[in-house]
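Given next, in structure tokens, is a single chain: the form predicted on its own.
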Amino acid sequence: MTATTDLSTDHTRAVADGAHSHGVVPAGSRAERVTSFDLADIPVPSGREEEWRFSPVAKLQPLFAPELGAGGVLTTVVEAPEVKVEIVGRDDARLGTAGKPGDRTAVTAWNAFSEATVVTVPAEAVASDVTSIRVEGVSTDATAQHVLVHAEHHSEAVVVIDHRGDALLNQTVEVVVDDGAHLTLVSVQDWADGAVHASSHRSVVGRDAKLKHVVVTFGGDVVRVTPDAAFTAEGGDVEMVGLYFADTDQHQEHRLFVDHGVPRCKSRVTYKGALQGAGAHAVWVGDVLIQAKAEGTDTYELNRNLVLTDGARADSVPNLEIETGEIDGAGHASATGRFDDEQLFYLMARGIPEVDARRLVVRGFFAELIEEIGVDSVRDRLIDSIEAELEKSMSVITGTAPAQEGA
């Protein structure tokens, strides 16, 4: 097996009078990193920068270009009856309100799009059904896309963004959750094998509002998702859930940033992933910043990786910065490893064959997260996708190809 990062940290509570961090420390505080709508402020990376050191920069290079097209994906929205959908120009005043781009693909995507899809959940409305945004790759031309999901005050809705096909896509997803609103946003990356996808998710959460942000990644050659969340008033609650399964030669990267800049807000981050096959690479970086004025903050982040075969690599880097000692709680946990031999022995000792025992362990590893997502259609699809991936790893372990229909 190639080198596998195993931080195995578990800090259930951390309090400090000054800045505090664990894991790999970024270049300066996260609060000091450049964010801008101007391309000139964020140059093309070399791959040595902190935010790009794990990434296959050469494969992402087409998405760094100042000009991108618009015809590489087809976007279709099936909205709940209560939800409004619009196609607007880039001069629409609602765009850009969820924060500034923070890396090269994000600032390129912002400057390259000409039209945006805006999904609005009206004030006080409770959506009676899931709103589905399907993004279908129709060519491999480098493409920019912009989506805004706005939950107005005291509304409730579930929105699923479903990515399929083959594409070379640089995407921005803005999420605005107004005071008292509850929004679940699910982004599924189920691309064809050759797809390259960079997606910047920027979210702002208002007073007593709640955002559940879910990322599910299975397909694609290179997928890099960077969700950011910031609070605008007290009482905000952010839950970030992620599930990924990296296969042979796939690169899946998830870089999160939660910015606690106001008092008495809560965040929970839970990401789990499995890896199999030579060249499979999963990267998870979780940055949490608790600013000096964010007294009463309650935050925790968790990442777990399960390596199923030789040749796979996982990098897991939690970073926690605390600028005030007046917090309710802050911590993180991160670990990467193989199957638990004791679990396998326990199951096999009770007559369960090794292949079936391994399946049970993987299912158990993901089970809690799958239920947490809370969207039936996504849950069922996830279970099917995990089973399909397990067929591949089991054939490697047993040295046999998966059974064919009619055999």
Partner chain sequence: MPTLEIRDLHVSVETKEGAKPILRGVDLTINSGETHAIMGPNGSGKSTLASALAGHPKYQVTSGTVTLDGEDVLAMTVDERARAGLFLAMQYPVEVPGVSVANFLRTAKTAIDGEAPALRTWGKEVKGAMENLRIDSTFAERSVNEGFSGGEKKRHEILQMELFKPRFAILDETDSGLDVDALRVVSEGVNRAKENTDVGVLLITHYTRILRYIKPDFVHVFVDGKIAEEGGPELAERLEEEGYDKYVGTGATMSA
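For clarity, every value in this text was computed on a predicted model and none was experimentally measured. Numbering follows the first chain given and starts at 1.
From this point on, the text means the form predicted in complex with its partner chain, which you will not see here.
Enquirer: Going by heavy atoms within 4.5 Å, which of 50-58, 377-385, 34-42, 356-364 lines up against its partner chain in the model of the complex?
Expert: In short, 356-364.
Enquirer: Q343 near its partner chain in the model of the complex, any heavy atom under 4.5 Å?
Expert: Taking the distances in the model of the complex, the answer for Q343 is yes, it comes within 4.5 Å of its partner chain.
Enquirer: In the model of the complex, does G351 have a heavy atom within 4.5 Å of its partner chain?
Expert: Output for G351 is yes: heavy atoms within 4.5 Å of its partner chain.
Enquirer: Verify the contact flag for A70: yes if a non-hydrogen atom of it lies within 4.5 Å of a non-hydrogen atom of its partner chain in the model of the complex, no if not.
Expert: Answer no; every heavy atom of A70 is more than 4.5 Å from its partner chain in the model of the complex.
Enquirer: Would you check, heavy atoms only and a 4.5 Å threshold, whether L347 touches its partner chain in the model of the complex?
Expert: Close contact exists here: in the model of the complex, L347 approaches its partner chain to within 4.5 Å, heavy atoms only.
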